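Only one chain is included here, represented as structure tokens and corresponding to the form predicted alone.
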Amino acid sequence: MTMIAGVCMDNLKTNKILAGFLLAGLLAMGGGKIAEIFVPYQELEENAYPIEITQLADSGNNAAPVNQGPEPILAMLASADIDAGIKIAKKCSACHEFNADGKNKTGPMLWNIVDANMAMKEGFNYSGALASMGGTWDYNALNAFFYKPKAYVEGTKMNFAGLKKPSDRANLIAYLRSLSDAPAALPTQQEIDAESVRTD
């Protein structure tokens, strides 16, 4: 009898706990309904905290920004550091020679390169991309090429990432300008002004 009484007590306790949970749930539901009666739901005419959304103008395409190319360097050439240019050029010496009697290596020799016709160093096998470009290695062409060779001449065989600092490009070009018996003239003020307008 004692065992039966214990089982009944346990069942009674379990029933009380379940009844408590059930009552709590009913009270919560009832409370929600009562709240809706006393405080009915209303649609707001406008947000309590207005959020302004700026509509960007649609240009009609999703093209990436156009690369405007390297920064101007013509104004820097007159005061460029040739010794610093020599140090930069040493990194290129595995592929290029710089002396008047230098030979072509993996790349063409670079004596008298400033203002020379592109792809015209005798005896060097240029890439088709460079050979078909035409033009001369003037200051602007050298600046653009040294900034990012593979962007300036798509298909070039030259594996060189480029010089991002304008001062490095100016110093290297100033050194290359000195590699001639008759160095090319420095840029005129008119050319300097024109370069600045093109890159603005």
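One rule holds for the numbers: they count along the sequence shown, beginning at 1. Please read these numbers as outputs of a predicted model, since none were measured by experiment.
Not pictured, yet referred to below: the form predicted in complex with heme C.
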Can you confirm whether 95, 108 and 130, the three residues that make up this candidate site, all sit within 4.5 Å of heme C in the model of the complex, judged by heavy atoms? yes
4.5 Å heavy atom contact, residue 140 to heme C in the model of the complex: no
Counting only non-hydrogen atoms and a 4.5 angstroms cut-off, does residue 157 reach heme C in the model of the complex? yes
At 4.5 Å between heavy atoms, is residue 91 in contact with heme C in the model of the complex? yes
With a 4.5 Å heavy atom cut-off, would you call residue 146 a contact of heme C in the model of the complex? yes
Within 103-124, the residues having any heavy atom within 4.5 Å of heme C in the model of the complex are 106, 107, 108, 110, 113, 118, 119, 120, 121, 124
